[in-house]
Every structure is written in C-alpha cells, then in structure tokens.
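Only one chain is given next, in structure tokens, and it is the form predicted alone.
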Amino acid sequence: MSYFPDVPKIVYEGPTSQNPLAFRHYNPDEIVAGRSMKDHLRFAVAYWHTFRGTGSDPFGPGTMLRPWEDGTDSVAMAQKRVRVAFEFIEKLGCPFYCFHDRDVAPEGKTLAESHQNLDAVVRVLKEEQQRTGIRLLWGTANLFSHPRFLHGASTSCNADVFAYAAAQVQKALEVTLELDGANYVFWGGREGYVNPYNTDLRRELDHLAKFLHMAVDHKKKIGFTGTFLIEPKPHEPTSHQYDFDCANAMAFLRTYGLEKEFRFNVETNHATLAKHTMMHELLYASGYGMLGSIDANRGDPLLGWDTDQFPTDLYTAAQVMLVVLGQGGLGAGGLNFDAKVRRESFEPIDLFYAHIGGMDAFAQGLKIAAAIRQDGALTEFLQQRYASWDNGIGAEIEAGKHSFETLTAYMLQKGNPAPNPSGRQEMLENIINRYL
C-alpha cells in the first residue's frame, strides 16, 4: 500500500525545472570538492516534526491532515507510521532519519511497558531499514515531555526521576545500537532552571555530569562505537538551559572531564536564540574539534521562540558548508532537518515541498562554499591579515619564547606598534555576494 500514491520518487531535474516535486540543485551523485553531494550533506529526516507534528502552537490546536493516522497512540498505529515514514524518506531520497524514543513508540503505563512498546516498533524499523537501506543518523530519549520531567531529568530535584531518566536513556542507547545508529544525542530539554531561588545550581550541574559519565560507561559496556553528541540551546522551555551554547557546553565538558567523550550537534535556531550566528557556533565547535553534526533549520527573526522552520537562506547554507568543508566534513554526522512545516501548510504534499527546498538550499550552499574555497577568496585575505604572526615577534610569541618583561623590552625599543591592517569587511561581503 502507498501512503503517497501521487508522489513519484523525487529526482534531480536541474536549475531550469519548474517541477515543485523535483530537485533543482541537489544531485546526490554530483561530485563537489572531491566527494558526492550525498556524502557531503548526509541529509536526515526528523521523525518528531515530520511524522508526529500536529501543527499546534500556543494559540491553537493542530491543523495537519495525516490520512494514515487513526487517532490512537497505539503500538499498531506506531508500526503503521513507520511504514509511512520510510515510504516518505525513500521517495525523498534521504539516506538517514533521526528519532526520540517516544516519537516512534507510545509511552506505556510503566517503564517495562514502555520498553515493550519500543521493542515492538523497533522490529518494524529494522525491517524498513533493511528493505530501503535508509540508516539511523542518531537516536535519543525524550526526557522533557512527560510530567515526571517538569523539574528536569538528570537535573531534577527528585532522585527517582534521575533514576527513571537513566533507565530510559539506557534503553534508547541500546535501541540505537540495535539499529546501527551512527550517533546518539543528548539534548537537555528541561535541564536548566526557571527560578534561581529554588535551584541548587552547582548540585544540578554535578548531577548532570554524573548522568553523562554513567552514559559513557554504558556506551563502552555495550560496545556502542557511535559518537555522543551534545545539542546546545540557551533557553526554552526553561529560562536558562545548562547547555547554553557551544562555549558554555565546552566549559562544562572540560570541567567534568567529559570533553573527549562528546562532540556537538549544533542547531541554527538554537544559535540565534543564544544571540549568535550559526557560523559563529560552528566555528567555535570546529575550532576545538567538537563539531559532530548539524540540525538544519532556521528561526523567524520577528518571533522570539524556536520556530524550527525549514532552511532556505543561501547565505546561512553557504556559511555552514564553508565550516564543514574547512574541517573535512562531518564524519559520522550529517544535516538533520529538525524543522516542521508551517501550521498553514497542512497537507501531506507540503512535507515534500519543505524538504526539497531545504535540500536544494544546502546543495547550493555546498557549491557556493566549494567555489569560494577553491578560489582562495577568503584564505589569502586571512593569511595577509595575520601575517605578523607568521614570523618575527608574532612567531616567537606563539612558540612561547616571550614573557611580559621581554615584550616590554621589545616595545620600548620599537616605540610604537606597526600600523593595523584594514578589516575590509565590506569588500569581503561583496566577494561573498559574487558567488550567490
């Protein structure tokens, strides 16, 4: 049975195509910078938004038309939904998908029943993976939706909730291994605080670190070789999240001796909520060898919350791919469309339009970034701007050959610093525009 009978497999038709159900720029087999587009971009579909999103918002209930849904949250419906999802992903041509445990299987009345429900759905996920060749980019556990997590999960004031969260992550991690997932993500959905008066902040951070150490121990015990990823977010749903941004999360990991066990899954909308650009967050993560994967979406600059819209901005896509190409790719990571169609785009066909647009945008961004790098348009300028550090006093400082005293003697003899070079910001922005 087909759940999208009127949609053919989405194929590349080129930039002149007027077909809304075709790629104009994403050609999976096209070689760019020595690698196929498919291998560069490693697109993934987000199960929670694409197949569980209802279109609800703070001002009204869901609007989505999903004819395959029967209105229940049963295991049978969850298994049917897997068939729907894999037909969609296969027709779209995405090589990966991502999920939370509670996206794919319903919560049971007890932890044991929840585990049983998940196992029943995982059997179908395995069947569909084997049938299609589609892989799991990463799995994770939903530790934020159920009322038990109202005070957080690993940072809860309730030790039993900490224990429940540990059991849920153990199961989710084991399922990710069973499905040959490439990574496992930790997003601190409610790991933060709303009111500092009722919060023992240092104790909660200690508990979060203890939880992550337990996860690392279990990962090694079961032989999971995938990457552990932290997904920073500054606030929402709490006023302050403990994994505020990449810099904050890096400091946390180093403080607790976890920096060798994790990398970052960076999301565009989370970067903007932290008052950063996506390029800033990616450069920070990449600079420390910590960029592992990316949630590809965008926010609405006129709204103050995490709108998770599909990415269509070519500047952002090109900036993302400049950083990714600069570090030689994402390895086991990828570009996950952690994005949802708008409340007004409620028909199933809109799911295809949204993903096609995002995939085309990043295909263009990849080609733009590759051309910029091939021409050396930024590299040459950076080399010139930092030339004073390549020899003379700059090279000596970097080599650790100076102290405040020797540098004071150097400047007393020289008198004044050499003139500063111009930053050429406007010229560089003009250069980037040539490629778009």
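Everything numeric here is computed off the predicted structure, so don't read it as measured data. For every residue, the number given is its place in the sequence shown, counted from 1.
Only in words, not in the display: the form predicted in complex with a small molecule, which the text now covers.
Proximity to the small molecule in the predicted bound form, defined as a heavy atom within 4.5 Å, holds among H100, R190, R81, R298 only for H100. Contact annotation: of the candidates E204, D360, E87, E231, the single residue with a non-hydrogen atom within 4.5 angstroms of the small molecule in the predicted bound form is E231. Contact between D306 and the small molecule in the predicted bound form is found at the 4.5 Å heavy atom cutoff.
The closest heavy atom approach of F51 to the small molecule in the predicted bound form falls outside 4.5 Å. Contact annotation for F264: none of its heavy atoms lies within 4.5 Å of the small molecule in the predicted bound form. Within this chain, E281 is remote from the site of the small molecule in the predicted bound form, having no heavy atom within 4.5 Å. Only one of 350-358, 176-184, 113-121, 264-272 places residue heavy atoms within 4.5 angstroms of the small molecule in the predicted bound form, namely 264-272.
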